[in-house]
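Next up: a single chain in structure tokens, the form predicted on its own.
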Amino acid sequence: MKATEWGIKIGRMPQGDQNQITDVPGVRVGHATLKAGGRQTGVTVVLPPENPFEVQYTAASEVFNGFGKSIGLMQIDTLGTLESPIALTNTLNVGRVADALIQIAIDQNGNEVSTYNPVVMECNDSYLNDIQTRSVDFQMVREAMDTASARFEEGAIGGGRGMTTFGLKGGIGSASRKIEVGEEAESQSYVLGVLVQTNFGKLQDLRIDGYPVGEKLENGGLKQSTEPDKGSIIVVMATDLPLSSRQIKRILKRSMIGIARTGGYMGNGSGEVAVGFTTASPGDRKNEHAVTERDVLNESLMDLAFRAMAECTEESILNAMFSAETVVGTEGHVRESLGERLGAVGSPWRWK
């Protein structure tokens, strides 16, 4: 169940057809999930339309607070291109997932691979998951890639299985917005989509469409947390807008607006990282032309992309929470579903 099914409409812009990152043509998402007692974890992959090792997509990243263990961001920001699927997992499995992506790239591209930049990002799921078992292996990464599709599940699945958000169950969430560019007679339609891995925030700070739901839930019986915010959020953006790497980076910065609108404030021990790419005008790794040309969006038209990024990030966080079920994990730890909690105390929109 997504936020819209609770009657929540975030922002003003029209949603994409599925309201997922895969509304960007050709983009696919896959999961592999482990839910076995104390092992509550997994991996999620975001794949561009074609093999990114051969068809390199313009990309960028943005680190808001760098308490994280990501791989691959340095080269993205140096070259402005993506040459790997984007994988999301837990903190202690980053190396294993990166190793799996490298092996899969070798299997796909053979002797062409003498250098490769796997992109792997993480959040820490150790409250619900026995993280030292390092359970995510090659087969799970292979499964996530093999099952990737234009329709995918959200919530406590894949890399979001063991995540906590605002003291409740977090996970994987997604949203998209349609963008019309140009004058009416010559306008062109584009899509910007976001996928998040959410693992941050305190319950008392949770806001839904500006309303202080977290405070109400505390009054409904959930205990206020006095712990510092040590959580993280990973934001992945995809679009078919023609953009430069610099423009993508500017758009990624607006994800922090969506995070803040839900109540996130970027604690000292948290990691907020965003990475994004465009499917428009991809490059060719073997291109030997001295000069290349690419279309890019007029800078004066960036505002719609900024708004779309903020709206999609805010709604994706809520969709992760509304889609996730209650999970019981290692040592009997429990994270309750936001939807189930609201069902127990009544809709917050009745409290206004």
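Note that this is a predicted model, so its numbers are computed, not measured. Position 1 is the first residue in the sequence shown; the rest follow in order.
Keep in mind that the form predicted together with another copy of the chain is missing from the display, and what follows is about it.
- Exactly one of the stretches 149-157, 170-178, 76-84, 191-199 approaches another copy of the chain in the predicted bound form with heavy atoms within 4.5 Å, and it is 76-84.
- In the predicted bound form, another copy of the chain sits within 4.5 Å of a heavy atom of residue 66.
- Proximity of residue 310 to another copy of the chain in the predicted bound form falls within the 4.5 Å heavy atom cutoff.
- Interface residue remark: residue 290 is counted as part of the site for another copy of the chain in the predicted bound form, having a heavy atom within 4.5 Å.
- Heavy atoms of residue 71 reach within 4.5 Å of another copy of the chain in the predicted bound form, making it an interface residue.
- Contacts of stretch 262-300 with another copy of the chain in the predicted bound form, defined by any heavy atom lying within 4.5 Å, are made by 263, 264, 265, 266, 267, 268, 273, 287, 288, 289, 290, 291, 292, 293, 294, 295, 296, 297, 298, 299, 300, listed in sequence order.
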